[in-house]
Ligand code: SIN
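Take a look at this single chain, the form predicted on its own, given in structure tokens.
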Amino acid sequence: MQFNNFNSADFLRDHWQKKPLLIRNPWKKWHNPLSPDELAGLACEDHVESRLITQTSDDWNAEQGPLPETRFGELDKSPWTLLVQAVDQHVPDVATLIEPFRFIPNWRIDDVMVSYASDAGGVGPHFDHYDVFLVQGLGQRRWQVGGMCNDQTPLRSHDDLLLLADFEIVDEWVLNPGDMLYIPPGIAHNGVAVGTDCMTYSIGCRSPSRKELIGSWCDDLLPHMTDDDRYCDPDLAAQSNPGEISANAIDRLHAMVTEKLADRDEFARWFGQFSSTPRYPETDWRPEEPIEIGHLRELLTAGHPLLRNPASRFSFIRESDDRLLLFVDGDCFPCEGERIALAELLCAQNQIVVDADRIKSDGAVSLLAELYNRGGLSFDWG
């Protein structure tokens, strides 16, 4: 999939995290990469996250997957919506939808959620804390957008869905196959299927909260701290009131905490691992048989391209001109010399043909072998 009529620089300047944007069919040639039956099949799998939203009158009910195959035959004429998360990890053609959005950093892109809705089906007015690109795959959907929301915005009482108590429509459009709507974080929106066979692909972006960053960073720091690293005040002087916690004591206590949190290099390494952790880290993508370096060299010499696992997350942090840290699926791989350019290539492309010089390099091939044996690379994800 490639864009034909979309200026990413203009988009980032004028719309990214600022205001919604409707883009009429920006693709060179749009084709729907997944059939409704294939999506329903995924929703029946144990290892796939899915939900079925059914509507009765003005109420919504949510069922968590996996769904029994017979469930779809039991649905009546009431509107319903099937949502399947991270479909890009299971269907290579859906994974290609992400590639045109690589003007956004890898670590900010989450996954592709796919929805199928019957006539008038939807999930109700809501807002998200992240950016999302809504691509119409099949049929039509009417999208309505409202104002800015936050955690204080009133919600309807519902155990499973975060539905807005009030939704005032500011603008609306009907999207046809290939059309795309960008929604910034916090903007209220509501999508309703117009007719049957309505499929929508949601390319979502990750946006960690301050709460999540601080909590996870501290959780990582704590195991490395010792009980004998304690407060001390060898210059303690008598004070007029023993009940006072002095400014000097507060300064020392505060420094004990902030000195650890302020270590930028340690934070960078932690964040690279944190942000590259797979959405479903419990899934084992390792090959049945580890590949030997000699065999890997033979395959690379024959011109076989290596493919990144669609479920893997690749990114890097440059420490200096002659060293960078490659992060793949929550692990850190320090890279120097010939490994630097290879790491940059792995992060920039989802398919690489390794050139002759890199094939001869023991450092480069050993890195590729390690990533292959961990499940981050393969010669075939189809």
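Everything numeric in this text was worked out from a predicted model, so none of it was measured. Just count from 1 along the sequence shown to find any residue number.
Just so it is clear, the following notes concern the form predicted together with the named molecule, a form of the same protein that is not shown.
Listed residues 149, 97, 83, 164 were compared with the named molecule in the predicted bound form; 83 is the one with a heavy atom within 4.5 Å. Listed residues 156, 297, 252, 126 were compared with the named molecule in the predicted bound form; 126 is the one with a heavy atom within 4.5 Å.
The three marked residues, 134, 141 and 189, each reach the named molecule in the predicted bound form, with a heavy atom inside 4.5 Å. Residue 276 falls outside the set of residues with a heavy atom inside 4.5 Å of the named molecule in the predicted bound form.
Taking the partner from the other structure, the named molecule in the predicted bound form has no heavy atom within 4.5 Å of any heavy atom of residue 109. Heavy atoms of residue 311 never reach within 4.5 Å of the named molecule in the predicted bound form, leaving it off the interface. At the 4.5 Å threshold, heavy atoms of residue 89 stay clear of the named molecule in the predicted bound form, well away from it. Residues within 4.5 angstroms of the named molecule in the predicted bound form, judged by any non-hydrogen atom, belong to 115-123 and to none of the other stretches in 288-296, 115-123, 253-261, 166-174. Taking the named molecule as positioned in the predicted bound form, the residues of 170-208 that bring a heavy atom within 4.5 Å of it are, in sequence order, 189, 200, 202.
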